[in-house]
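Have a look below at one chain only, the form predicted on its own, in structure tokens format.
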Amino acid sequence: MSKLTMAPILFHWSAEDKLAFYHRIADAPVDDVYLGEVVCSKRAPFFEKHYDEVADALTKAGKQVVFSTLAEVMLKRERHMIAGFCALEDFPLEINDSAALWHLNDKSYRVGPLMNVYNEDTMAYLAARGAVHFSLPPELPRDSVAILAAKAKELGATTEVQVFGRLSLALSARCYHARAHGRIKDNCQFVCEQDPDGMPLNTLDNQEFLSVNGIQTLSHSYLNLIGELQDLQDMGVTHFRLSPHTVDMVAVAEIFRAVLDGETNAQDGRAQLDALDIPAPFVNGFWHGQAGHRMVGA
């Protein structure tokens, strides 16, 4: 059975909003739920105290909880965070930075999409060090995903591909979000909380272009691979990843679940997603080897 996953929340939502989100997701038709701060270590203390409560609620609801680690490890406290997560025994771990490998000691783990596994040799190297699951970078075209899904199967690993949500395009050591408000990273005053789906970034001629989330640059548009789900299943991809936004993610999960299970066809699923009034256009250009902002075959 194809598994539907809910990626970690990329944005700086309040603890109350995150709690409300996860309690709703407990009733959603997703199989795996990722918890953890991936983008900025300064945000982590706001929600860490709720991990046990959320993980317990999701587990009781039948979800597989997976803890996901930072995508950029630069400071001593961030190294300590990674070491703490790597010591977890009760939950699987998704790593997003190679710094975690130092602490894992060949313990099994998942590889997150921000680790940038682009070829079979990298996949084989990580599998030899305990990787059992690969979430591939979302900008990979179809042919590359097919090759890597086959390689993962040969290695005895499973494969995950993002099918919904803004695309993570880049990470920086500096925080553009803070800089845009005349602040520095160390004194950002958590200004990113003002933009729960990312801060819009337009071109000089005022075309909607990108979205900024702290040190992360995302696409303005939302990835939508509902029309490509059957192709993904046929090539052996096992997990289908939804990236959380402030839209109705339970409804999004229900639509993708119905198409994955063959209860609804992709055309009807796409129409249902259109009806959710997502505040940006859908795209699938990278999948088809074209510019990422394009929607092919709609």
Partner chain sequence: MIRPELVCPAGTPSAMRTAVNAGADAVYCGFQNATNARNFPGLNFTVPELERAVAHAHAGGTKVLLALNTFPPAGKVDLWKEAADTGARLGVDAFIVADIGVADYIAHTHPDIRLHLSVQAAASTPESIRYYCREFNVKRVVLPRILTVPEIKLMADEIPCEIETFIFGNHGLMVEGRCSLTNYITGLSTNMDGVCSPAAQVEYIKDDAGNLSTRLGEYTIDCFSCNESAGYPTICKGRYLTPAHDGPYYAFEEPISLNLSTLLPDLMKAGVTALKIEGRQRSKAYVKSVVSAYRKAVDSIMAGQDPQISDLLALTEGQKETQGAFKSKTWR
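Numbering follows the first chain given and starts at 1. All values derive from a computational prediction rather than experimental measurement.
What comes next is about the form predicted together with its partner chain, which is not displayed.
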Using a 4.5 Å cut on heavy atoms, which of E193, E228, D197, E120 is close to its partner chain in the predicted bound form? E120
Non-hydrogen atom within 4.5 Å of its partner chain in the predicted bound form for each of R79, W102 and I184: yes
Within 4.5 Å, heavy atoms only, one stretch in 271-279, 286-294, 6-14, 21-29 touches its partner chain in the predicted bound form. Which? 286-294
How about T158: is it within 4.5 Å of its partner chain in the predicted bound form, going by heavy atoms? no
Do K153 and its partner chain share at least one heavy atom pair within 4.5 Å in the predicted bound form? no
Check whether R129 has any heavy atom within 4.5 Å of a heavy atom of its partner chain in the predicted bound form, and answer yes or no. yes
Heavy atom to heavy atom, is D90 within 4.5 Å of its partner chain in the predicted bound form? no
Within 134-150, which residues have a heavy atom closer than or equal to 4.5 Å from its partner chain in the predicted bound form? E139, L140, P141, S144, I147, L148
